[in-house]
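The chain below stands alone, shown as structure tokens; this is the form predicted alone.
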């Protein structure tokens, strides 16, 4: 099984690497690849870069897809190359996951129409404004809508990743990953302690 993470400039580090740590703990059960519009280095919102193995034109077939959020989401909402890549590849996946404002990209691409979804609580309107036909859930740590699984902000993506591992690979393996990574799994998707900060978006000074 192959998981492809789609990177773009100014992505949020933990959005990508929290889930990737969980999936990476599966060892040879999964292959992790990195994808961007063009292969090469992609800067995160806080500086460190990720090296994209593939560009959109030569990306391999993907069983699982992960889309992080971050401040870079905003310009990418107008990037037709990215949106078209998502439109082509996500429907072919077994599961497509988004973290934080990554769900805004899925909504803009029209992939969440008729489905339930969530996003970063502090910047919730950014996602909601991209999809009038999406059932946006203001209070949810993550939302599993079948082929599409969307999480709330940043750290919530790690909880979502374990839930997807549990669904795809089984509960026993998900427990092993949790213990191996010494992570306290927030197991209940509907228990969202950060919904109280809905649309109060600020960044630390």
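A quick note: this is a predicted structure, and the numbers were derived from the prediction, not measured. Positions refer to the first chain, counted from 1.
Not on display, but discussed next: the form predicted in complex with a further copy of the same chain.
Residue contact check for residue 13: one or more of its heavy atoms lie within 4.5 Å of a further copy of the same chain in the predicted bound form. a further copy of the same chain is not drawn, but in the predicted bound form it has no heavy atom within 4.5 Å of residue 9. Proximity of residue 35 to a further copy of the same chain in the predicted bound form falls outside the 4.5 Å heavy atom cutoff. Contact between residue 41 and a further copy of the same chain in the predicted bound form is found at the 4.5 Å heavy atom cutoff. Partner proximity in the predicted bound form, defined as non-hydrogen atoms within 4.5 angstroms of a further copy of the same chain, places exactly one of 90-98, 117-125, 104-112, 76-84 at the interface: 117-125.
Distance criterion of 4.5 Å from any heavy atom to a further copy of the same chain in the predicted bound form singles out 53 from the list 53, 63, 166, 144.
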